[in-house]
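Single chain ahead, written as structure tokens, the form predicted on its own.
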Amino acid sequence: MSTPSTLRAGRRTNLALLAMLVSALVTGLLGYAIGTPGTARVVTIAHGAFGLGLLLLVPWKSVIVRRSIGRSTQHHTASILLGLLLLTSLAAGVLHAVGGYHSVLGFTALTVHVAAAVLIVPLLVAHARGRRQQLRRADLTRRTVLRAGALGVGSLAAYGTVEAANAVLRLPGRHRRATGSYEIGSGVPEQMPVTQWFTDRVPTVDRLGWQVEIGPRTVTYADLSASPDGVRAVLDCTGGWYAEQDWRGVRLDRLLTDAPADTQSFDVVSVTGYRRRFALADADRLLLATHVAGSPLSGGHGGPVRLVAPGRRGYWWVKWVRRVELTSRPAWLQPPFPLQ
């Protein structure tokens, strides 16, 4: 028979699991968005700690599961599926963190990690709604705070254990960038994986006849490729790899000198319809690139013309640029991730 104390313990365990899981999902989204190394390192550590911390709660959750068996089977199938997806996501995340970047039939460990996490979201919402756990004043005791602190320390220790294993066993994971990405093809563009946002496809393009509309004017591929502007920048793909390359093309601020006075931002638009918006003040840090490592960009890597956006994750580096649309709307007024 369940006593009030065991019921409270079960409810608190469920609340802790929910908080840890939501935190892992949120930090995972932030990890996709942040490209600057310092901030990305903090987010990556937090994401890993929240994920591994879920495992520390398994002994307490197993007691709750055993206690609930036999009461009602209505939600058991969804609960089992949720648990399997969670274990799959955690296992794939750890595999990516220690094993390097490997693709099997077009899928990587990071792909499986993210896909399982996406599938978890609707199941988690349904699971939480069916088993509502409310935070109560009695939960905010000194003992609860100490237990939460111990869970936090344990979660960080679990993450530290993975990093220590990387170092001691000299696993590929010790070479991860702050974002969690692995170096592939730096200085050798043909070795970079050909990847794009999951809604995009590599189009068929005419390099010599390519033109880019910049507001009311049109710039030819020949004009863009003749420019000496260049930058050494890291393309950090959300697919789990990065490469540092020398890019050449035209700085965008040189092409936007006649922007109307009310212009706040501009959309860089691909021939496929894919787009990202940037503040006008950022134009001097952005490059419309035609060459990488001294050679014309290949179609798979965004040629004839792609955007180079240093300090931003790969989905900001718009491929196959066809237009730059000026707008009076602020740069933040767009979806955080591409929807098209």
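Predicted model, so just to flag it, every value in this text is computed and none were measured. Start at 1 with the first residue shown and count on from there.
Just so it is clear, the following notes concern the form predicted together with a small molecule, a form of the same protein that is not shown.
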Next on the checklist: Taking the small molecule in the predicted complex, would G249, L256 and T290 all count as contacting it (heavy atom within 4.5 Å)?
Outcome noted: no
Checklist entry - Hey, in the predicted complex, is S89 touching the small molecule, heavy atoms inside 4.5 Å? => result yes
Checklist entry - in the predicted complex, does G180 have a heavy atom within 4.5 Å of the small molecule? => result yes
Checklist entry - Does G28 make contact with the small molecule in the predicted complex, using a 4.5 Å heavy atom cut-off? => result yes
Checklist entry - With a 4.5 Å heavy atom cut-off, would you call P304 a contact of the small molecule in the predicted complex? => result no
Checklist entry - Which of these stretches, 256-264, 221-229, 208-216, 109-117, has heavy atoms within 4.5 Å of the small molecule in the predicted complex? => result 109-117
